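Heads up, the chain below is alone and in the form predicted alone; it's given as structure tokens.
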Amino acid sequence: MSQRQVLQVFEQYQKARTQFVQMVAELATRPQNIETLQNAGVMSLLRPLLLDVVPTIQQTAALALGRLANYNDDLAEAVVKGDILPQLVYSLAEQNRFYKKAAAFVLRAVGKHSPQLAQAIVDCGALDTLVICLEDFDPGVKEAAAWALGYIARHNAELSQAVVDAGAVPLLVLCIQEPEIALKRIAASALSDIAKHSPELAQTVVDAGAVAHLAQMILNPDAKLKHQVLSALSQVAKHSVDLAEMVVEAEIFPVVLTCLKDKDEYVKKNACTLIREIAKHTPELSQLVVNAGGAAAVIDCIGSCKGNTRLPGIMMLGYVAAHSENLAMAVIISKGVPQLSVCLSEEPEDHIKAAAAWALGQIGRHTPEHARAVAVTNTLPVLLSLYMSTESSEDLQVKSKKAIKNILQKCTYLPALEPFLYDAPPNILKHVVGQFSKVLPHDSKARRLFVTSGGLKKVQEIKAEPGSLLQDYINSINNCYPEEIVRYYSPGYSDTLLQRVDSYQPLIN
């Protein structure tokens, strides 16, 4: 056998290995092949190829493993159980950039499924190596490492803290300053995943100087980058007044309001979320948002979109209005009430209706003027029907009832209250009659109207427990009228009259 023939055996073996990993990597891109590959024992066959003498085979084997682990937690679990992680971590430090990208992809694919799998990556010492990759010359390696770190951090505060302790945050802040858009996106997303868990973790992100750099990217033309940047700033601002003030001090207003007009739905939603997370903390921060034109801009934004994109804007208006009557009035003046009423009527999802009901309740609960602004939009009957509907979720029923009570207890606009005398259940009726008993003694025109519209007659038909609050309210209303008028509108009065006719002795000359 010649030397050529001997070497040919090795070449054929190498060609077969190359072909095998390439085919597996290709097959792993289609979901219908995954189970067959798994049953054929693909994991144990790929493992030795990670240490192959040929670099392209190593890389393709890692890529195939990543694609498999990405599908479900069973395959990710198989990567952990097959002792593959230590090999990857070792190679991550030693190999070329192509292998580093593939290895980081496997770590990300394993870590994304659950806190337990992410913890397995931490336990095998991957964080230090991934952090070193954040300083790599190649932006693709940095991106792959940042992505893996973000996926580990997103699960819980402990895993996030482990990522922070490995020194990732300052390097991620450097990554968001790199020219490559893809790297900026992934680094901003990773910072968002770290900051979201606790004030302490968010403070770490702030201390590394991230906020100023993130704020500068709010107007970047790339929509995906904007939505990661807005998310990261929201995750910082949500925790406390101090952190929200840090975000505001980075001069995000009024530039962030331009994002509310963006074509991309996610950008709109995340911009509304950021404004909500700032406004919710204190009246002062809400006032700052309103002064910057934030309330009007959010109301316009709610009008221009549908579904879940509306939700953070609806909640933001509720938070602003809840702080004080002046802030609630600012929402009213900016035409927030009609827009919220539209959401309440139009939106098919109960949780969005519930948020709109809550926000309207926060606006209407301050003074009679506020309550009237809500009542004139014909919102109260809609709230009542949502509360009464058996199809409404429990949360929607609770929020609708609370909103009705909040508005009714301040409402002195009687035309909006009158339909409730006919439709409301007893627990709501009590508040309606209560409002009439407060207004009628001081308003002669309203007293007359109450008689001619049939309101007084309806009140006489209400059956109240003697001595109850409802009975007291009814007595207060009756005391506003002459006794014979009250008698005239009481049930059975016509029968009494007819009896008197029957028993009346005609006067005969």
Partner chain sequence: MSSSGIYQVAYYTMMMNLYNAMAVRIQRRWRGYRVRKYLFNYYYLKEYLRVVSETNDAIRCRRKKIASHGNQRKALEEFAEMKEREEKKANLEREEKKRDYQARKMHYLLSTKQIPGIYNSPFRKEPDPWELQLQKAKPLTHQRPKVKQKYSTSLTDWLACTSARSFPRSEILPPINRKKCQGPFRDITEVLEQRYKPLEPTLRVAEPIDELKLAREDLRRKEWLRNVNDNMFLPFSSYHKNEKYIPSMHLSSKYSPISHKEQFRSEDPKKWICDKDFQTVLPSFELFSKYGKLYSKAGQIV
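Quick caveat: nothing in here was measured; it's all calculated off a predicted structure. Residue numbers count along the first chain shown, from 1.
Keep in mind that the form predicted together with the partner chain is not shown, yet the notes after this line are about it.
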Problem - 4.5 angstroms heavy atom contact with the partner chain in the predicted complex for residue 255 - result: yes
Practice task
Answer for residue 334 alone: is it within 4.5 Å of the partner chain in the predicted complex, judged on heavy atom distances?
Solution key: yes
Exercise for the section: Answer with yes or no whether residue 300 is in contact with the partner chain in the predicted complex, where contact means some heavy atom within 4.5 Å. Expected result: yes
Handout entry: is_contact(residue 382, the partner chain) in the predicted complex, heavy atom dist at most 4.5 Å
Key = no
Exercise for the section: May I ask you to choose, among 196, 353, 226, 281, the residue with a heavy atom within 4.5 Å of the partner chain in the predicted complex? Expected result: 226
Fill in the blank from the handout: With the partner omitted here, the residue among 219, 93, 212, 181 that in the predicted complex has a heavy atom within 4.5 Å of the partner chain is 219
Exercise for the section: Work out which of the listed stretches, 169-177, 416-424, 146-154, 285-293, brings a heavy atom within 4.5 angstroms of the partner chain in the predicted complex. Expected result: 285-293
Problem - Residues of stretch 301-330 in contact with the partner chain in the predicted complex (4.5 Å, non-hydrogen atom) - result: 301, 326, 327, 329, 330
